[in-house]
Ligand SMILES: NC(=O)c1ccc[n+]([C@@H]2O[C@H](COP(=O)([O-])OP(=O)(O)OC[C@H]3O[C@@H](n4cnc5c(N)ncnc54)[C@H](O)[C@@H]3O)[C@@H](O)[C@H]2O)c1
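Next comes just one chain, in structure tokens: the form predicted on its own.
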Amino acid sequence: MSNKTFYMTDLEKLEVGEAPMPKVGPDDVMIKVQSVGVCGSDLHYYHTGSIGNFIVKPPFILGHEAAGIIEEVGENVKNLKPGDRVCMEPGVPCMKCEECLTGHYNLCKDVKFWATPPYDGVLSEHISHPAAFTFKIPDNMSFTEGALVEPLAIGLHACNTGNVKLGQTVVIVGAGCIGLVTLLAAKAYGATRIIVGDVLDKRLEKARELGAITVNTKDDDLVKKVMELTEGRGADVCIDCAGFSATVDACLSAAKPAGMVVIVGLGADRVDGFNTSMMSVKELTVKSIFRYRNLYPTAINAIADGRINVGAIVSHRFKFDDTIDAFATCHKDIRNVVKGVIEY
């Protein structure tokens, strides 16, 4: 059986090849992949070869947002069977360290996360994965929706961390994939006014389609707009999905007194000019998140029930055979690509 795979062999270069068929351990399942999302982190590795201390050593396989069909199960697997439609949580923690044993497995230092060096991703025809991090999806969910459970889990974690509630005003800075799924999550949690800032018109257009008030921060002052809309009160929760000095500062400025700021984006390794005076005078709570934990079932149920239309964020669809073009397009046409997905 063949296992066609796309390898990153150099900066901005992918080549097609064959990977060995994955081994299926007693607690694992083998999956025939059906859909893979093109994530911002994939594109960052593709363009620069590294994120922080995680450095690509070619040949390397990208992709970590995925869904597919189970073809084989290990002898200890009881809750899954061949033919099941599934999506996969891409990080496998050690389940032995303090972080794992206290319920914060997303912070495990020894996590094996797809497409995070040195661990390969899933741009292959077949992959194996622990059954414990493989989740059934219902027939009314597409495989692309299944692949997008992964970024949606980040949006849900951001809103949970910010304690988004019914009737609140929420500001989201950054309207890329993560900003948009955070918008969807905030709506699902009951936020009644969501203001989204970005500099790219296509992303802002998508945010408006999803029900947000939008501000092009290249032309307009986001904080001023928030204050106008809230009659000087400020937003209950501000979520930074960009992660730059200017965006963090905007969130601190736009938040109401005693409000909440959640830092999600990692656009820059360091944030300078953090306005601690404003944070102190307004008695703000500032939190951060890293990925997600225990949210795949919630995300799957919300999509299947129709409460969250995660497929609405997809702007570009590519065939698996066109993966090389998919990455080139998503990287070079950033002004028009909101979210790309590779469908097998």
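Each residue number is its position in the shown sequence, starting from 1. Here the structure is a predicted model, which is why all the values come from computation and not from measurement.
Not on display, but discussed next: the form predicted in complex with this ligand.
Go through Gly259, Gly121, Gly179, Gly146 and name the one with a heavy atom inside 4.5 Å of this ligand in the predicted bound form. Of the listed residues, the single hit is Gly179.
Listed residue that, although this ligand is not shown, lies within 4.5 Å of it in the predicted bound form (heavy atoms), from Leu284, Ile289, Val56, Leu295: Answer to the contact question: Ile289.
Quick one: does Val92 come within 4.5 Å of this ligand in the predicted bound form, counting heavy atoms only? Contact with this ligand, no.
Taking 4.5 angstroms as the cut-off for heavy atoms, does Phe244 touch this ligand in the predicted bound form? Contact check for Phe244: yes, within 4.5 Å of this ligand in the predicted bound form.
In the predicted bound form, does Val77 have a heavy atom within 4.5 Å of this ligand? No, Val77 is distant from the partner.
Is it the case that Gly174, even though its partner is missing from this view, gets within 4.5 Å of this ligand in the predicted bound form, heavy atoms only? Yes.
Residues Leu11, Thr48 and Pro117 all lining this ligand in the predicted bound form, heavy atom within 4.5 Å: No, the candidate spot makes no contact with this ligand.
The chain here is shown without this ligand. Which stretch in 138-146, 206-214, 259-267, 124-132 comes within 4.5 angstroms of it in the predicted bound form, by heavy atom distance? Selected stretch: 259-267.
Residue by residue through 28-63, tell me which have a non-hydrogen atom within 4.5 angstroms of this ligand in the predicted bound form. Read in sequence order, the lone residue that approaches this ligand (within 4.5 Å, in the predicted bound form) is Gly40.
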